[in-house]
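A lone chain, given as structure tokens: the form predicted on its own.
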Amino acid sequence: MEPVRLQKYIASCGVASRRAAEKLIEEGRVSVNGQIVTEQGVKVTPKDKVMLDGKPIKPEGKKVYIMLNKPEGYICAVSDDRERPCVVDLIEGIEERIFPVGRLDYDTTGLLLLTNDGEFMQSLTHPSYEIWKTYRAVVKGTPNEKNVEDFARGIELEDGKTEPAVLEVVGYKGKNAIVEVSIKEGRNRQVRRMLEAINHRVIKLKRVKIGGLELGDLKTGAWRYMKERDFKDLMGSQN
């Protein structure tokens, strides 16, 4: 095998996307043959001993791709120092070490993908790919046409203006509205903050779609392996 960049090697181990691997390197958490590496561009081969946080890592042989309907009360991680339940705890019978692709908030439910394929993670999480994510929310009150137009222009948040987004009222629950929000970004608690910015606080939030891949009738807490058709839907255009 020809030498490859360290971040690509880490991604092939299923530990993180290539972009996240670069951050791991910068943080001094990666060593090669006993030496901490903090600069990008180092190349390695399978003969090199690569370690993350003092534990050896190696490329995964079998690639695993999973769809999960995440329940409330789980964090998108493989472990938690506060001993909160993690999404990987819901996946049983899998020997491979898998990781969530992106994240959903602790109190947000819905479609979440997990894999040990770092390149796959990269293709879904890097901003340049601009994959739409669609959420369904129950919100206080009912957004009006101006709110819809504001979303289309982008909402000003404390960490900067968002990319244009889609807001649509799709139903009602008493005095509250059911809306669908589609975004291309992945900022922390972004959908909740965008809706709060137009004075419609989120009561419940669920991700129902990534790209063209829909959650469908997968029950809360249940998971399944992704099928060939799922990959085509996932990378297909939303609009």
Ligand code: URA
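When you see a residue number, it is the position in the sequence shown, counting from 1. Everything numeric in this text was worked out from a predicted model, so none of it was measured.
There is another form of this protein, the form predicted in complex with the named molecule, and it is not shown here; the text below is about that form.
Novice: Given that the named molecule is left out here, which of 115, 147, 108, 123 has a heavy atom within 4.5 Å of it in the predicted complex?
Specialist: Of 115, 147, 108, 123, the residue with a heavy atom within 4.5 Å of the named molecule in the predicted complex is 108.
Novice: Between the options 167, 104, 139, 87, which residue brings a heavy atom to within 4.5 Å of the named molecule in the predicted complex?
Specialist: Selected residue: 104.
Novice: Residues in which of 191-199, 48-56, 30-38, 210-218 have heavy atoms within 4.5 Å of the named molecule in the predicted complex?
Specialist: Correct option: 191-199.
Novice: With the cut-off set at 4.5 Å between non-hydrogen atoms, does residue 205 touch the named molecule in the predicted complex?
Specialist: Yes, residue 205 lies within 4.5 Å of the named molecule in the predicted complex.
Novice: Taking any heavy atom pair closer than or equal to 4.5 Å as contact, tell me whether residue 135 reaches the named molecule in the predicted complex.
Specialist: Although the named molecule is absent here, residue 135 would touch it in the predicted complex, with heavy atoms inside 4.5 Å.
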